[in-house]
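First come two forms of one protein chain, each written alone as structure tokens, so that there is a structure 1 and a structure 2.
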Structure 1
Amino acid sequence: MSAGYHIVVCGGIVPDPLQTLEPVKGPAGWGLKNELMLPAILDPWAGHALFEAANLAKNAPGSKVWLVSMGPKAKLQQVMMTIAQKVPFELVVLDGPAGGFVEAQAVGTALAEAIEAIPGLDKSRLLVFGGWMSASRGAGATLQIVGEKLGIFEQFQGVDKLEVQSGGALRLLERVEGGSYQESTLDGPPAVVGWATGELPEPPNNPQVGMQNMRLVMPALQKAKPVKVEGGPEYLSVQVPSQKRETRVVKDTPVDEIAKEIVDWLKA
């Protein structure tokens, strides 16, 4: 396809999973303890979507990538110091909550509105990318709602591979059970693609790429409008799943022995 794609990646930010995450109820509802002070990262599934988008755009001249992200402005700025270094994109910011306690419906609506408002976006060439789940709540519904609101009904979830075929058709592999894939072919955009882990590794940070991106990222952050999300469910109580770790630390065990033990365990 000579004109290339317009790829909009929806990607939220989540607290670094290495942190202690403890739900607490504040005046504005449920949140995480010290949420604002915890370091944040780009949602890992959205990250895969972004790297796949950048790769697709690189190989289809004329393409362009936008990253649409809702989160507290100040936190987004921090995350961009890393993300902006990885691949080229233009940022669209929604200044709103990112805690994982907002209804998927509200988030999806806000994202769809933001996408509609992107100047120069060609819907006939549009691919909406995102994670099929997110690390903050994994509702699995947000991307679908975004698509519905935009009137895009070709939707694929749990995608690990997207290939452009010679005629411009898209071949997609969606995860199904037992490590198998469902294969679909689509004439072309528009489509919604919810990524699983994709195939590409995380690109290294490169401040040189970052400097290019930041010329657009900073103004986008500065003029970000606050999004008010209202309604949604009331939570009576919230709990992170209690950790169950049964770890044995055994040094210098041969690989074969480890493998055998796992197989025995699976068979038991």
Structure 2
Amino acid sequence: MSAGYHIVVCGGIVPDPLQTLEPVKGPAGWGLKNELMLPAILDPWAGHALFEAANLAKNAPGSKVWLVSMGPKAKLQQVMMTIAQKVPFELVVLDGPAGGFVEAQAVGTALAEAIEAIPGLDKSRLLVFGGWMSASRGAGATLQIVGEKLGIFEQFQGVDKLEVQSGGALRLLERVEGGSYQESTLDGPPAVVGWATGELPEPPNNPQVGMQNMRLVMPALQKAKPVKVEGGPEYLSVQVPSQKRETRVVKDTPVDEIAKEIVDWLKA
């Protein structure tokens, strides 16, 4: 495509998974214990989508990448200090909840409205990227709802590879059972692409890209549109899985015997 793509990446923030995430019910509904104190990161699946979007835009002159994210402004600012150094993008912020205890329908509707309101967005060149799943609750439905609200019915989920072919057609590989892929060819945008892990590693920090992004990130945070998302799933009870560790220390065991024991354990 000679004019390039308009790529909108939908990416939320989630608590750092290395922390203990204990669900609790408060006056406003379900959430995480000490949620405001937990460090946040960009959802890993959304991160893959953002890196793939930046790579596609880099190789298609005239393209532009937006990152649309909903979450508390203070948390988003903290996360953007890191993400903004990775790849170029323009941030669109929705000031709302990010704990994964809200309905995908409400979040998808808010994200679609934010995308519709992006100035200069050309929907004929639009690719909506996002995570196939999420580290927050993993409903796997939000991106599909965003596409439906935008009137985009060409949707691909669990994508690991997207190639631009001669003539502008897009070749996509979606994960299916047994480590195999379903191959699809699309004439061109618009389309929704839910990424699995993709093929790209996390880009190294680039201070120049960070300075360029932060000039737009801070105004975007200040102009963040408040979003009130009501309702959500109800749980009768929740419990953090108990840690289970069975360690046996045996000295001077031959390597072959260790390997055999592991294989037997895997087959059991």
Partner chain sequence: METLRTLPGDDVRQIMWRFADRYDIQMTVQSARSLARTLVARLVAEGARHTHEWTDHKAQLLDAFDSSGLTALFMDPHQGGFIEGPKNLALALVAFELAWVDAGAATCSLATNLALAPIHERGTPDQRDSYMSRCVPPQPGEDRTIIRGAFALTEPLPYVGVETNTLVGKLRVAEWEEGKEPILQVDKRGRFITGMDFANFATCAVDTDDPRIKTSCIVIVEDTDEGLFDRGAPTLKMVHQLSSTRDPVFNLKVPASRIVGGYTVKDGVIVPNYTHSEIIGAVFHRTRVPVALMSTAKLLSAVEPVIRYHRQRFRGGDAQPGTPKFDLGIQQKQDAVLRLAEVWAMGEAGASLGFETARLFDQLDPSEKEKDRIFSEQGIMGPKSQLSALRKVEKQAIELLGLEAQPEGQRDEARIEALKADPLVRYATLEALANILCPACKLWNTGQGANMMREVLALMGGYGITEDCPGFLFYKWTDCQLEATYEGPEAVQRRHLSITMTNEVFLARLRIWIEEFNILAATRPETGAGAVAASMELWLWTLEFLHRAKDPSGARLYHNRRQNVTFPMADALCWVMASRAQVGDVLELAEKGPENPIVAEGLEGTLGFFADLSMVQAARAAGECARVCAQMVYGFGPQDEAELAAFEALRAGIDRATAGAALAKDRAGQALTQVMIPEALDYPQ
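What you see is a predicted model, and the numbers here were worked out from it, not measured in a lab. We call the rigid core whatever largest set of C-alpha positions still superposes within 1.5 Å between the two forms. For numbering, take structure 1's sequence and count from 1.
By the stated condition, namely the form predicted on its own, the second structure is the one that fits. Once the rigid core is used as the reference frame, the Cα position of residue 20 differs between structures 1 and 2 by less than 2 Å. We note a C-alpha movement of 4.9 Å at residue 261 between structures 1 and 2, with the rigid core held in register.
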